[in-house]
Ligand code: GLU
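The chain below stands alone, shown as structure tokens; this is the form predicted on its own.
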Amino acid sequence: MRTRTTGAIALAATAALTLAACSDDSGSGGGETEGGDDSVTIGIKFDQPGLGFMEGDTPSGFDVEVAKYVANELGYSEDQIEWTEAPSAQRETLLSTGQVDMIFATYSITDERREQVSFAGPYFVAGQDLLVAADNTDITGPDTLDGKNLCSVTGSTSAQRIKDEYSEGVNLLEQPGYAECVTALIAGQVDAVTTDDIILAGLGAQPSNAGQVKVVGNTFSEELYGVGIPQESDQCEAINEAITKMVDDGSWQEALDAATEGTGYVPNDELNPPEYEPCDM
């Protein structure tokens, strides 16, 4: 059972305690900048428009806005955040080796991942879907992939689900990033791309892709986006309180609306905003 609280006093107390957790002494990847100020290192995606996207040295997207809000509640200003790219296949390693303090990178909470890392949240629930050519009428869901060439990203839950549940008749091509998958789709090298619906919507709305691809709109999973943290971290409760505050004050909805504007994406209102899971899971 998931719970929600709004204990501002608990947040303040926990946040104060967790400031030290991101220092060099904690071994969790944080530390001090060259100027001597405390900093926090956050992993995001660099190639997911609307979620985690890096243009020059400026990150943008829903994941980024949630990360900035949480960091601020933990006592870090935006200029104290060090952004690090967190590809799907490297997220557990980045956390377990202390290269990052937290990861906000469309990081689905799974039991398998909990064996290596911990999670706060979730802060959003997406669903796995398919991206196909704009004129494709054959592919309407995962049950219509028999004999098709499908692209997903190495290390993602999307790729693993296809392997586990639909692999008998599907030819799966794994790439390091979804941009490469969309390029392969437009070039006719694959018949579909699979990942979460909100990711596909952002990719499909890019000017270079618009009009050439479409999201099928038939989700077949629930993906709970969590905040990845090291297993030894004591930040979970404070992060959950920060996410709750972001939802309650309207900032969460504002960030989501801005991130999905123009993409045609409609989030599942029955699942969003989600209630966070207990930290002792």
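Because the structure is predicted, anything quoted here is derived from the model rather than measured. Residue numbers run from 1 along the displayed sequence.
The discussion below concerns the form predicted in complex with glutamic acid (GLU), not included here.
- Stretch-level contact analysis of 73 to 81, 195 to 203, 129 to 137, 143 to 151 against glutamic acid (GLU) in the predicted bound form, using heavy atoms and a 4.5 Å limit, identifies 195 to 203.
- At least one heavy atom of Ala105 is located within 4.5 Å of glutamic acid (GLU) in the predicted bound form.
- For Glu241, no non-hydrogen atom is located within 4.5 Å of glutamic acid (GLU) in the predicted bound form, even though that partner is not displayed.
- Glutamic acid (GLU) in the predicted bound form comes within 4.5 Å of a heavy atom belonging to Tyr178.
- In the predicted bound form, glutamic acid (GLU) sits within 4.5 Å of a heavy atom of Gln48.
- Residues Glu223, Tyr225 of 221 to 254 are found to place at least one heavy atom within 4.5 Å of glutamic acid (GLU) in the predicted bound form.
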